[in-house]
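In structure tokens, the next block holds one chain alone, the form predicted alone.
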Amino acid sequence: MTLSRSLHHFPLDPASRQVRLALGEKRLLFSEVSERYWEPKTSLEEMNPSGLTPILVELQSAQRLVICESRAILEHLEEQYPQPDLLGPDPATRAEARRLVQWFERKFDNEVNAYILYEKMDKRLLGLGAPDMANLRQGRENLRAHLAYLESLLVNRDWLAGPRLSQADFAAAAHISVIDYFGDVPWREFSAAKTWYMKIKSRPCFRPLLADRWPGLAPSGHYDNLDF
């Protein structure tokens, strides 16, 4: 039986990017439906009551499976398509990968995205005026603290959760890549984090993200440069 798969997403949404990276790494074909989640969205809310992306739709014969929100989608992908494994070979590594995924979903989102992405992206999309410079400074200061934490992890690890690439790396890359789209990552100050990002940025699953563009939101000059 043939299975078709589509992902409803916003290209600059970190949660959507994490799912796109996982789908790409598992080499699962899918079509993309770009959603303007900030506009009236009756059809989007019919699939997900929150009206938010990402939403994965799998259609096989007459059966239609709709999976909403990144956590549910990623768990589904690990259960149904276990190779390659994106959590880890042992309980400790899997627990660490899950911890770091939640770190980015909650702590990084609240302390960095809520300042930088809100001021540079959300306010533009919603027509709420110019960025607040005090909020941007706070977000950039918080970002440095998070990058320093990543540096501390990478001192003794090849990847964030351990010796293998995992969902933790995709969560981090999904969030940081949107900040990098706007040119706000101080890479020169964090060499280990930059080396890690260059490795993940060079993977085939990451290439579609480098092609992302949104009208009125231009990327930084180095955004799609692998040797930045």
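Bear in mind the structure is a predicted one, so any value in this text is a computation, not a measurement. When you see a residue number, it is the position in the sequence shown, counting from 1.
As for the form predicted together with a further copy of the same chain, it is not shown, yet the points below apply to it.
The partner is not drawn, yet in the predicted bound form one stretch among 158-166, 64-72, 26-34, 190-198 has residues with heavy atoms inside 4.5 Å of a further copy of the same chain: 64-72.
Taken together, the three residues 76, 92 and 98 all come within 4.5 Å of a further copy of the same chain in the predicted bound form, as judged by their closest heavy atom. Among heavy atoms of residue 105, some come within 4.5 Å of a further copy of the same chain in the predicted bound form. Of the heavy atoms in residue 50, some are within 4.5 Å of a further copy of the same chain in the predicted bound form.
In the predicted bound form, residue 149 approaches a further copy of the same chain with a heavy atom inside 4.5 Å.
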